[in-house]
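Shown next as structure tokens: one chain only, the form predicted on its own.
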């Protein structure tokens, strides 16, 4: 019971109580405590600690444990870095946004946790929509025209996607009609156990609508624009939170549907849809990456790329499925590192445009080094973890005889690497005609010495390297258990 209170009760209570207080330092301190307690509880759940049996509503299988640990880890680091960003904003201090920042992030943690541990499809759907309502005001943090447009675009597209998912739930209910499972409700344990009795036509229609609907929050092409705009226009801590954790929560719904179809004739169709979605995401990333002049938008499209690689691995199955699980973990860490450093760059250069960022390694030494290392991690340079997870997905393609598909994936990844490299090295070594005194005036206040953002990003990058070289046995066993639940 104490673990449930730590995971759900504490974030909900903290978020609600914060509406009474205005002191930002108190909110920050308590948010750090909540994040640390939540992470400790998630680690205990992951390690196999006993959780009360809420079979009807909550589920703590291997899939839940992994995704819960990812969410809790991301949230902890975001909270650690949030205070410095709020007090050294690149724009005029938006007091109204600062007042609700910790209120909404704590409520987001509650809603996201509830979505991950729910055993009921309806409860998952409600909790997932709640995360949208919690994160939308934070997208509008800067309270300018661009962030307002991004917020409404995100709300509209995600709401349409959630409506699609609701239609998918209705179709799933129709597929159950006339079976014993119909009386037992939309509990995942019931749906997975009895899926072979369902009407396959309605089950296929259900999977289509739920996959397409949840793609708006995952960031899978062609349903990606809302997520890309939200990430590129929100403050860096929120961009990291959306990119590194929220996409995974939406992916959980797709994985639950994949579990439901895994023992039915619809499973092969489900895999094909995942592969198509993954390839579409890579193609879209290639097309847009060469046209970008916004480094936060570049990172957002990198998320589209890597979530595309994840769903591609899920569709391939076998060793590719295992690689996709590890890729999701590594991608969450990498996106945090990139967005934390992007926040430092934004604060100093007062711009998100690539052509306005220059001599980064010279002027902002620590930010430049860490941003460059994070870039090397996201483009899968060894010994960072993404290199090894991509190799596993490629191995899955080879094992399935998908030589043409593998060639296409490598071709797209090459061009994405070229496009990102061109932009990043412009930022690292580019020059400008701005007066040298103005450059120093702009940069000195924030990066003249190491700060908490630099230190936390360095830790995250070290973890990425360590996990690439050595996978903890507990993590490997959990991923293996997940793969077994999908019959791999």
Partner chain sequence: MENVLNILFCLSLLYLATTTRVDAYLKVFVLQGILLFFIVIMPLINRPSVFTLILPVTILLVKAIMIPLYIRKKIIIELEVKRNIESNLQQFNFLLLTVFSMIAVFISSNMLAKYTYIDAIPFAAAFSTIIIGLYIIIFRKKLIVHVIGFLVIENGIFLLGISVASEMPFLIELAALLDIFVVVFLMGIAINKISSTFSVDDITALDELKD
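Positions refer to the first chain, counted from 1. Values in this document were obtained by computation on a predicted structure and should not be read as measured data.
Same protein, other form: the form predicted together with the partner chain, not shown, and the subject of what follows.
Among the residues 193, 405, 163, 100, the one placing a heavy atom within 4.5 Å of the partner chain in the predicted bound form is 163.
Though the partner chain is absent from this view, in the predicted bound form it lies within 4.5 Å of a heavy atom of just one residue from 329, 186, 258, 86, which is 186. Interface membership of residue 177, defined by any non-hydrogen atom within 4.5 Å of the partner chain in the predicted bound form, is confirmed. When the partner chain is considered in the predicted bound form, residue 82 lies well away from it, no heavy atom lying within 4.5 Å.
Interface membership of residue 155, defined by any non-hydrogen atom within 4.5 Å of the partner chain in the predicted bound form, is confirmed. The closest heavy atom approach of residue 209 to the partner chain in the predicted bound form falls within 4.5 Å. Residues with any non-hydrogen atom within 4.5 angstroms of the partner chain in the predicted bound form fall in just one of 343 to 351, 73 to 81, 241 to 249, 285 to 293: 285 to 293. For the stretch 140 to 178, the set of residues having any non-hydrogen atom within 4.5 angstroms of the partner chain in the predicted bound form comprises 140, 145, 146, 148, 149, 150, 151, 152, 153, 155, 156, 159, 160, 163, 164, 166, 167, 169, 170, 171, 173, 174, 177, in sequence order.
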